[in-house]
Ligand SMILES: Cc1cc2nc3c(=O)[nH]c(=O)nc-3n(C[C@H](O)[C@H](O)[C@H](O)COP(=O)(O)OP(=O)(O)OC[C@H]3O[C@@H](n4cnc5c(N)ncnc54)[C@H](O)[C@@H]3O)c2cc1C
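For reference, the chain that follows is the form predicted alone, supplied as structure tokens.
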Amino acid sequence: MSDITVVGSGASAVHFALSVLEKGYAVTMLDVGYPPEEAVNPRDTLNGLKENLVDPVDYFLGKKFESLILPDAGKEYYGFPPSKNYVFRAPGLLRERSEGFAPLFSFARGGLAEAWTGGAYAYNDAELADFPFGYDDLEPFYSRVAGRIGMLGARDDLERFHPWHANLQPPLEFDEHSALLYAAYERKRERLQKKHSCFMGRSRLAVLSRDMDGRQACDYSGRCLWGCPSDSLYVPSLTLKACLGFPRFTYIPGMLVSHFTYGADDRVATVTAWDLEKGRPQDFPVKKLVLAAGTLCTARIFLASIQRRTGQSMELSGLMDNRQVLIPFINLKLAGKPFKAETYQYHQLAMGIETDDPRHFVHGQITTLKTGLLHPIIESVPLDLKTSLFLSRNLHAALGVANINFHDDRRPGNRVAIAGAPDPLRAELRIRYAPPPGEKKRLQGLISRVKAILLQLGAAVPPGMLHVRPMGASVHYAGTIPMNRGKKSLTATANCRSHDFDNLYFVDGTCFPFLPAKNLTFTLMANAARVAEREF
């Protein structure tokens, strides 16, 4: 029996595991763990793949053209290529029903961050006000994780929102579009800050600008969306690989954890997983159990375990997610110009918009479109096909999308529960979410401000193309068993140990009591390393 059993292999799971392995603990990790395919022609650029692959259509669009997003006003702008299908593959046993929420699940080796865009932003003291610790407590672990994964950033106007920490590499070269936008910001900085409370700077990215630990610096191949062949863009499976180098680490894929058992002393005794290959359950005795399966799957395991023993159907309240608004725009200075494919493909610029409450600042990431899947945006242009195709050829280099993120608070009406059969494996996960009062008015005000900001930067927002993403689309889920300064059922200690089960821990978003506007993945990793250091 290992000292610690971890469920999941996502960003928080692997950094917790690596931290306790470095301290000498024996760790078993249970995971479904769908693996990716090997990178094809790793030395080719994106355009090189188009020329050298026998069937480039199969690679870029899929055997059944599954990466195409057909015209539908309610659908997403962002599509995923076939090479990322494994990230969103789910076991047939998973059942869920949602109201007001469009959840995404991942059972991939490395979790959802295998398909992230690398945005890595530290929480500041204002954003940590509801947490039982402050930035000074978390900063050493931000720095430790940044040194592990490779991050880049610059000291600029965004430092007022994103605290500076150690182990940041210098930023990548701007693509032409991002360079023009940032130059416009620098010329109009005073006006943008004074009139719109807008500050801009470099995105903090989990990407290498220098070689590190056998990984190559970004070579600007243009393949970010399809999977970085040089591993310069960090994904959690890289840390899982580091864990596998420890003799006291046991990784068991193909295991869908359904529940844990516990005795009268309220200590977890075993965890049960369904062996997907053999089609039968398997019990694993545990000393300490760490749930890191993602907020929704962790909730399912927790609730199913209690229901199985007591027959009681419980709910967990306080589910949070970041509302996101996508605002396509056209940089007028680049109209008619060719674009360069050999650049970093995701966002290189970020913006922060101050509000009356520093906890509620609005976070934006600006993606200038280069080799991404353009058809979801082009098809939404309110023009005929011939004109739209003409525009796509002549405005490709000028297209961009501002992804605007909003904070979320825990509210009792946003709940996760299970229902159905007493067998935990067949229980249905039920999710209910309602946005906060006054959200529509608040969004309208901020959207108008962002449009005005983009116009100041020389970018126009075409009418009718704005997209308010459904709740659940950002996949920044958190808040169902929050850290709490006092001892209360269905909460966790400052070190993320359950107040209900003495040897149970949560190191994913489950235990976050507040959700700032920025991406939470970097804080998930830092907090997992903190729990490993402070509690074990």
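Throughout, we count residues from 1 along the sequence that is shown. Everything numeric in this text was worked out from a predicted model, so none of it was measured.
The discussion below concerns the form predicted together with this ligand, not included here.
Would this ligand in the model of the complex be within 4.5 angstroms of a non-hydrogen atom of every residue among Leu112, Leu256 and Thr521?
Each of the three qualifies.
Here the chain is shown alone; which of Val32, Val27, Ala478, Leu504 has a heavy atom within 4.5 Å of this ligand in the model of the complex?
Comparing distances to this ligand in the model of the complex, the residue within 4.5 Å is Val32.
Looking at Ser106, Ser178, Ser305, Ser83, which has any heavy atom no more than 4.5 Å from this ligand in the model of the complex?
Only one option qualifies, and that one is Ser106.
Hey, in the model of the complex, is Ala292 touching this ligand, heavy atoms inside 4.5 Å?
Contact check for Ala292: yes, within 4.5 Å of this ligand in the model of the complex.
Give a yes/no on whether Cys297 approaches this ligand to within 4.5 Å in the model of the complex, heavy atoms considered.
Cys297 belongs to the contact set for this ligand.
Taking heavy atoms and a 4.5 Å cut-off, does Trp116 contact this ligand in the model of the complex?
Residue-level check for Trp116: yes, a contact with this ligand.
Would Pro516 show up as a contact with this ligand in the model of the complex if we use heavy atoms at 4.5 Å?
Flag for Pro516 set to no.
May I ask you to list the residues of 1-17 that have any heavy atom within 4.5 angstroms of this ligand in the model of the complex, in sequence order?
Result: Val7, Gly8, Ser9, Gly10, Ala11, Ser12, Ala13.
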